[in-house]
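To begin, one chain is listed below as structure tokens, in the form predicted alone.
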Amino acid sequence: MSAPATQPSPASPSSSGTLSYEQAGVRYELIDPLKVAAQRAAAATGTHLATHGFTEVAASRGESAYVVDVGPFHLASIVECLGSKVLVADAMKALTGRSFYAAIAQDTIAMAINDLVTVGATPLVVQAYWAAGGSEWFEDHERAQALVAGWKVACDRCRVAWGGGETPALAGIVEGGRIDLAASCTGIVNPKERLSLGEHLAPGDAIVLLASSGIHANGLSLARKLAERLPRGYLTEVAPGCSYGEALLAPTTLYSPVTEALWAAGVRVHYAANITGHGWRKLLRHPGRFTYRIHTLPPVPPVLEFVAREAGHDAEQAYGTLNMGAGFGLFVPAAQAARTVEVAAACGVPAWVAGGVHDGPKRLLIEPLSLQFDADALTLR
């Protein structure tokens, strides 16, 4: 199931120079140090669990979900916000009259669930946080009901209970007419040996990449800034019959059906990475010293080719920022790699045996593009 590599081409003549993620208002060199400081402060609080007879799984610190040992099984938890994708949905509603909030609901849940399942957890409960700029946001009943309906559909797809949530009206904090969406998720790792924090990751393991549906919910600040450059904005065609705005709003793939099916099929995942912020650099998340070699690239969705081209990104910028067709990475025993691809495909998610884990310095080598990301390209701990 290999696919030819697609390297972003130089900026088109209509572009006004390279558009970086920093220019779009996102500066990871400022954000990531706060994350690291918060993790270090939080680590000192883990001892409070002993008061309740529980312990933290220390290796989950710095991973996509936090894990607690409660005796017969582990509990995992995560909270994630959607970000600025709602602004694209609002702009497209104004331009087309269509509501995209059912898809936006799936995006929000995917942000939490796709992180949770990286540690081997089965999602159990989702909570909603919908903070509007004022009560008037809820006057658009079609939009509000689409959010509710889409949220339930995504929960049903992941077989997770929607426990409740919070809908504050935050005038003066959230801009009027806008909404900030977030989700938290609690899951169970049962049996305990299903935990996948990378303790079994080793040279010889295969890297299987699962297809993305498009931009997902990462890189939207860049994508929105880019729309300002386009003569037709969000209505610019990126594929026959598909506008830029529609392509950006393709709902994020939910990967929990795949991870559940893999466990049922006997595939033992040694590690997993949700490819969101930092693009393919997320494949470097494991703290160990390994060299990750990628030999096969998934096809790049047209919308991501378009963003990379029109923003003037070279391959290093594109793959270091966006998912470029791979929304999730699985590190599995080489003997189970082909089976992993089969199981994912049966769940409706294309997958590729894309590379392998090797001895060597910590780095990611994307060989078809002659790209190298070293250990310092991702600093999340």
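Please read these numbers as outputs of a predicted model, since none were measured by experiment. Each residue number is its position in the shown sequence, starting from 1.
Keep in mind that the form predicted together with a further copy of the same chain is missing from the display, and what follows is about it.
Spell it out for me: taking a further copy of the same chain in the predicted bound form, does every residue among Leu235, Cys242 and Asn274 have a heavy atom no farther than 4.5 Å from it?
Checked in the predicted bound form: no contact with a further copy of the same chain for any of the three.
Exactly one of Val148, Leu95, Leu230, Ala265 has a non-hydrogen atom within 4.5 Å of a further copy of the same chain in the predicted bound form; which residue is it?
Here the answer is residue option Val148.
Just give me the single entry in Val68, Ala315, Val353, Cys347 that has a non-hydrogen atom within 4.5 angstroms of a further copy of the same chain in the predicted bound form.
Looking at the other structure, the residue within range turns out to be Val68.
Looking in the predicted bound form, any heavy atom of Arg289 within 4.5 Å of a further copy of the same chain?
Heavy-atom contact with a further copy of the same chain at 4.5 Å: absent for Arg289.
Evaluate Ala128 for contact with a further copy of the same chain in the predicted bound form, applying a 4.5 angstroms cut-off between non-hydrogen atoms, and reply yes or no.
Ala128 belongs to the contact set for a further copy of the same chain.
Is Ala334 one of the residues lying within 4.5 Å of a further copy of the same chain in the predicted bound form, judged by heavy atom distances?
Contact check for Ala334: no, nothing within 4.5 Å of a further copy of the same chain in the predicted bound form.
So in the predicted bound form, is a further copy of the same chain close enough to Gly83 to count as touching (4.5 Å, heavy atoms)?
Yes.
Among 196-204, 276-284, 245-253, 172-180, which stretch has residues with heavy atoms no more than 4.5 Å from a further copy of the same chain in the predicted bound form?
Careful reading of the contacts points to 172-180.
Could you run down 127-157 and flag each residue that has a heavy atom within 4.5 Å of a further copy of the same chain in the predicted bound form?
If the 4.5 Å heavy-atom criterion is applied to a further copy of the same chain in the predicted bound form, 127-157 yields Gln127, Ala128, Tyr129, Trp130, Ala131, Ser135, Glu136, Phe138, Glu139, His141, Ala144, Gln145, Val148, Lys152, Cys155, Asp156.
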